[in-house]
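Read the single chain below, which is given as structure tokens and is the form predicted alone.
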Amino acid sequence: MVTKTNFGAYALYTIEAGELAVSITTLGATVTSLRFRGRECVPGYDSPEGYLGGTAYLGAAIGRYGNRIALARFTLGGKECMLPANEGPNQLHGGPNSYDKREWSAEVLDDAVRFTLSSPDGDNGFPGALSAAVTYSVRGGTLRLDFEGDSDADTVYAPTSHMYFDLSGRENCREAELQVNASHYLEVDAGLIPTEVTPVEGTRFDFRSARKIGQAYDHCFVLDGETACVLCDGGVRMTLSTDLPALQVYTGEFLPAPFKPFGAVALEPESFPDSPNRPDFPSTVLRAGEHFHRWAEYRFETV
């Protein structure tokens, strides 16, 4: 069942099925609420002003490029593309005033809502006019996201979802148990730009067996399969599966008030950061005329 209400000047769609109810606003195609068996599992603002003024990307659909591009530039087809930097010298999550701050169109599809956005050629420096879409659907205890995109010129495209999770409501994700299906992670420099692919064995990044998160992370894990991670806390287990190659784990230590440090953990299924500058990473090039489609599923259950 899908219902529509107002969220300030924007629309809010709530999809309910079984024990799961998910609310998404047309502002940033953002998940404002995710309730499993009546328990709120994601932080969110009460009004559009919080999202418009916020810098944490709470629950938002991210584009054109999730995570970071070094020095806010890359070369495609022999042409250098200059991007506006919004994190020191680098670009983060598509640049300033990007997809998370924009109003998307919405279409109800039975037990799903499809959000679409037109991104013009040159938008935040990216080539090609891009038609972006993300479809949210709920079946039983599973939320599924389908990311799509079409461009009229060669471009790079790497969308993600920036949902944060607090399954217990205790506002301390350090106590949550996390298992990540990754035998490697990306080491980063001081600007959080990847330097090399490194085995997790013998490091604090080894989450191949479930354990408490324990400390701060803002790192990309190289996934070994479609079951990306399992998060357990407060008697709730969430299993995240995806066909994207990586997972960013961010413990939110830089979240602004009223969200406490370590209150929730962002689990972002994604492409590798800085792929446009790293030919050794999986390509994020979307060719003109090709159709982009990737998916992520979040399954909730009690334990």
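All residue numbers refer to positions in the sequence shown, first residue = 1. These numbers were taken from a predicted model, which means no experiment stands behind them.
The same protein has a further form, the form predicted together with a small molecule, not shown here; the description that follows concerns it.
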* To do: Find out whether any non-hydrogen atom of L178 is located within 4.5 angstroms of the small molecule in the predicted bound form, and reply yes or no.
  => no
* Asked: Is there a non-hydrogen atom of L92 within 4.5 angstroms of a non-hydrogen atom of the small molecule in the predicted bound form?
  -> yes
* Taking heavy atoms and a 4.5 Å cut-off, does N277 contact the small molecule in the predicted bound form? -> no
* **4.5 Å heavy atom contact, S47 and the small molecule in the predicted bound form** => no
* To do: Spot the stretch among 22 to 30, 238 to 246, 35 to 43, 49 to 57 with residues whose non-hydrogen atoms come within 4.5 Å of the small molecule in the predicted bound form.
  => 49 to 57
* Asked: Just one of D218, D224, E196, E171 has a heavy atom within 4.5 angstroms of the small molecule in the predicted bound form, so which one?
  -> D218
* Using heavy atoms only and a 4.5 Å cut-off, determine which of A106, L192, A153, V230 is in contact with the small molecule in the predicted bound form. => L192
